[in-house]
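Just the one chain here, laid out as structure tokens, in the form predicted on its own.
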């Protein structure tokens, strides 16, 4: 298979990079540590670029693209710590598109911003759908869902939902009495729905605790396979964002290693620095190959997408953690201060590796899928 980008994909990536360059997102991330209002509203930029419709079919006004293209945009956002709500948006649009929901035209046009309320598919160790808890390591049960005709009534809570604050529509997943997953589109102003905005580590990442108290929403007629696909798509998006951050950490560190001299030599000429930078490059290229494979698999080999997305998430999460730490180390004393961007990428790394089950959950999925594939029939 050939993972070389097509001309259209190169143009998409360059257009995303150019659009984001009009905003000083890294500087805004630093200012947001003191005042969250310093972050620019990048939703108009996303609408102008057509990103809300990336995964929506052309018949509904979208671009009709697939995960590979969406991951390229997410990677560019990660390079500059841009607070574009893709992590909540794109999995939600994937579910809405599969359901043929009536909101698709408004979503593709940017008039309606949905957010995905994530639920983890069952595994060999956990038979039910689970969600992120407010505290602790044990995952919580997905909201309880009762189907009443064309409506769904939801009861429960999902913590740390990406991009939930300010969303117009929440695409939530609950479990009915027999344990089957049910998807619902719940309006942000629906009675019984509340979103409590919260900030953790990374001020550029919008998060919210979402609570349903007999909240009603439209039933989305999709199966468990579509809902599982949304979970793994979210993992792939975090992986892509992380890769963008790794690339920036590497570029900035290499540039500094060339210009910073000690004992009459550039620090990049010392073996320890060379080895550290080479290791980051190795992790970057390894994770990028997995990301490209995940983007390809979602459309061309959907049975392989869960494993591919989990592997990409695991590799990219570890790579960003390592790259951010190396960026601080190579820059010495200045790298550990707020005068430098390194702590901002370190914060992004620490939050990204904990969202949606975390890097460890993705690694466990890789182990599970690999062991199942190797087990005798």
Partner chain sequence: MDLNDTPEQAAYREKVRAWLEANKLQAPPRSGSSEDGAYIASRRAWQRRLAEAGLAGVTWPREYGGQGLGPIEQVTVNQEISRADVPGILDVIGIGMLGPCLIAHGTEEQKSRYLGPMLHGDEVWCQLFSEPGAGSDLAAVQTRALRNGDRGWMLSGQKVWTTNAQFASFGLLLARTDPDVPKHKGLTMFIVPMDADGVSVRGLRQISGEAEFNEVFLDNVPLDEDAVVGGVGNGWATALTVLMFERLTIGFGSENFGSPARLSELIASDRAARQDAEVRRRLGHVITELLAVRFNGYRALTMLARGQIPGTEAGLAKVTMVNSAVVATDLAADVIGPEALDADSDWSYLISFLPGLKSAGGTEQILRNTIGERVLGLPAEPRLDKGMPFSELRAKEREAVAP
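Keep in mind it's a predicted model, so treat the numbers as computed, not measured. Residue numbers count along the first chain shown, from 1.
The next section is about a form of this same protein that is not shown, the form predicted together with its partner chain.
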Interface membership of residue 20, its partner chain in the predicted complex, 4.5 Å heavy atom rule: no
Any non-hydrogen atom of residue 360 within 4.5 angstroms of its partner chain in the predicted complex: yes
4.5 Å heavy atom contact, residue 103 to its partner chain in the predicted complex: no
Contact test in the predicted complex: residue 271 vs its partner chain, heavy atoms, 4.5 Å: yes
Partner-facing stretch of 34-42, 312-320, 334-342, 47-55, counted where any non-hydrogen atom is within 4.5 angstroms of its partner chain in the predicted complex: 312-320
Position in contact with its partner chain when the complex is considered in the predicted complex, options 109, 250, 188, 220, heavy atoms within 4.5 Å: 250
Listed residue that, although its partner chain is not shown, lies within 4.5 Å of it in the predicted complex (heavy atoms), from 155, 176, 151, 285: 285
Partner contacts for 147-168, taking its partner chain in the predicted complex and a 4.5 Å heavy atom cut-off: none
